[in-house]
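Let's start with one chain on its own, the form predicted on its own, as structure tokens.
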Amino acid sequence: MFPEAPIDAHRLRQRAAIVHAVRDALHADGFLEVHPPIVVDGPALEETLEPVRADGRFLHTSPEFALKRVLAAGLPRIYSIVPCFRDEEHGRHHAREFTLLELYFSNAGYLDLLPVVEGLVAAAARAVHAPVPTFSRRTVAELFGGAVPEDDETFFFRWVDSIEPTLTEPTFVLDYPARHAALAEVRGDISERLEVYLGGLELGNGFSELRDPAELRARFLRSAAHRTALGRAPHPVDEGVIDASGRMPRATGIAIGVDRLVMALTGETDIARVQIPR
């Protein structure tokens, strides 16, 4: 028997208030809550994500693929707040099981996410009597002083070592290099992608959603090749999301870490303190 970890009842009350406020704000803005499957055949596109296996299938790393199929089916404003699972993630800011808010809406691009996210964060802050954050906007090129490294090793070293630690104020980071597009549309040499920082934490990742099935398949195959080269099993290609990408309307979406949102608004520094211990 393992000793039982203490439960922080105050933090759990704050978490409940934040989630309730976010749901109320989304419903007031016309979003419909949908409930995706947790066990899936295709867990992710991104080569760095390690899924948790479940009897020959996977626990989803996010509800993204399922929600895009719903978007393609004709529901224009949707969201989920669900548990997600990523292996090999642990630490004060990471957990193997965590909660994501993921939302999508049609006839919009990534810049249309900014007021939506600001509104949700404001509602969450008011729910726990925290100051409402005022966000700034910075591009990746600005953060690198105008010269974005062309090789990923240098890019990520400088990002982690000297740039991300400076993102202590509420910030939207915009326009990542095209090679870091994940499932975002690409415009010239940049991807229509943003990340949200709050309380020094990376809170969310959003895109103008890719709607080109051939390009999406090519990205899956590139990710598989990179994982194979690293000696890791490639992620299976999710045919459902590839098909949906060709039928979706123009749309944008974002995934926001609920645990980290609670941390940022309450001053908590350990993700375990905003979850129910195992």
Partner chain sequence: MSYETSDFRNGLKIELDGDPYTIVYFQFVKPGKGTAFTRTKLKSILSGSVIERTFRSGETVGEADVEEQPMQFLYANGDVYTFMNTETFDQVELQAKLLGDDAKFLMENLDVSVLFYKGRAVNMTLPNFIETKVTWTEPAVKGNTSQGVLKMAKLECGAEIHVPIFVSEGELLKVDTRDGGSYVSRLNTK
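Numbering follows the first chain given and starts at 1. Remember, predicted model here, so these are calculated numbers, not experimental data.
This next part talks about the form predicted together with its partner chain, which is not shown.
Is there a heavy atom of D243 no more than 4.5 Å from a heavy atom of its partner chain in the model of the complex? Although its partner chain is absent here, D243 would stay clear of it in the model of the complex, with no heavy atoms inside 4.5 Å.
Would H90 count as a contact of its partner chain in the model of the complex, using a 4.5 angstroms cut-off between non-hydrogen atoms? Taking the distances in the model of the complex, the answer for H90 is yes, it comes within 4.5 Å of its partner chain.
Within 4.5 Å, heavy atoms only: does H94 come near its partner chain in the model of the complex? Contact check for H94: yes, within 4.5 Å of its partner chain in the model of the complex.
Contact test in the model of the complex: T48 vs its partner chain, heavy atoms, 4.5 Å: Yes, contact at 4.5 Å.
Among 163-171, 141-149, 67-75, 112-120, mark the stretch whose residues have heavy atoms within 4.5 Å of its partner chain in the model of the complex. It is 163-171 that comes within 4.5 Å of the partner.
Which pick from E185, E195, D175, E102 sits with a heavy atom within 4.5 Å of its partner chain in the model of the complex? By the 4.5 Å criterion, the partner-contacting residue is E195.
Residue by residue through 63-87, tell me which have a non-hydrogen atom within 4.5 angstroms of its partner chain in the model of the complex. Result: empty, none.
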